[in-house]
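Take a look at this single chain in structure tokens; it is the form predicted on its own.
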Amino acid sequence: MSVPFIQVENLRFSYLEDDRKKSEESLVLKDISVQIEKGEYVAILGHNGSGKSTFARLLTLILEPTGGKITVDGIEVTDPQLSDEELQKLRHKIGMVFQNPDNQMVTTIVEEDVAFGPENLGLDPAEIRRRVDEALAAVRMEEFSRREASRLSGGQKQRVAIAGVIAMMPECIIFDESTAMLDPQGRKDVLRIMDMLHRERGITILHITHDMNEAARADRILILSDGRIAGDGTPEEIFSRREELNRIGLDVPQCAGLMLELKKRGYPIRGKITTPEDCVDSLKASLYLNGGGTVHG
């Protein structure tokens, strides 16, 4: 039986430093248990304050849990006996792309920023050069390698931030609201890169978002609500529970909502209804079933 890539057991966290003041009410995360397999593409949804970003920072060891256990690739990262060397190796397995790319940039020139992480790994200069070139190519920023990062657009900066993480060659990348500050084109570019990293490179993707349309692209959706897991399933399974989502302040994507409403009114909607493309296909199939003849466009 294979070991999950990430295994979280009874994870608890409070931002209060004094243990004596910690209570159930102060907990941001409350006994979360979940498994994530290597190569999965998981969207993590939840309203503001649900604990999404806190969860991400615990997985990347930026924060230490108040209680519970986190295991990465078979090694318990919360083990107090873990050596610094082992801890560093585990930290390199999971990279993170933050909401604001300016917070992730450490140098002024694009290629130097992408090289920063590999340099800290003590790699050979030739290997660093190879990784930087490959990472910039992956995000389509090769022609900007000698540009000043401050002169780039928000979307371009985010692509450079992603290249910096790719150059570290992690097995998992967490995108923490990484599209929230971007314009539509910048958002589209970042989502394309996520798809590419998952599909072509087999990297485990955890996408923390509040956007249901973005979540629909994932293989699996986890929902956090008030520090607990409120849902776990495929996009189809999650979106079919619209009333439950509404109760915790979420809704289904607009196209899926339309399909669910048509289904409620008796239309024979079949197939997936997670993305606009899925909904178009389902609607065409429904019209055919209703004897609507050929559907164009």
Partner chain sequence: MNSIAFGQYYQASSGIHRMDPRTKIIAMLLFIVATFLCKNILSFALLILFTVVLSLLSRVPMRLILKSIRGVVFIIILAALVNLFLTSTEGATMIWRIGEWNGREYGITQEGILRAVCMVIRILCLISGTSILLTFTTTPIEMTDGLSQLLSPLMKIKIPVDLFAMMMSIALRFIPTLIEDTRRIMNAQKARGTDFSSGGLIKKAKALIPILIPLFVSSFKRGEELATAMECRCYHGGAGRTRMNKLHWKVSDTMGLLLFALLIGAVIVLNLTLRGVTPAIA
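What you are looking at is a predicted structure, and each value in this text was computed from that prediction instead of being measured. Positions refer to the first chain, counted from 1.
Although it is not shown, the form predicted in complex with its partner chain is what the next lines describe.
- Not displayed here, its partner chain is kept clear of Arg217 by more than 4.5 Å at the level of heavy atoms in the predicted complex.
- Using a 4.5 angstroms threshold between heavy atoms, Gly74 stays clear of its partner chain in the predicted complex.
- Residue contact check for Glu112: one or more of its heavy atoms lie within 4.5 Å of its partner chain in the predicted complex.
- Residue contact with its partner chain in the predicted complex: Phe98 places a heavy atom within 4.5 Å of it.
- Think of it this way: in the predicted complex, its partner chain has a heavy atom of just one of Met169, Ile203, Leu191, Ile128 within 4.5 Å, and the residue is Ile128.
- Comment: its partner chain is not present in this chain, but in the predicted complex one of Asp226, Asp79, Glu134, Asp102 has a heavy atom within 4.5 Å of it, namely Asp102.
- Heavy atoms within 4.5 Å of its partner chain in the predicted complex map, among the stretches 195-203, 217-225, 182-190, 89-97, onto 89-97 alone.
- Within 4.5 angstroms of its partner chain in the predicted complex, the stretch 148-185 places a non-hydrogen atom from each of Glu148, Ser150, Arg151, Gly164, Met168, taken in sequence order.
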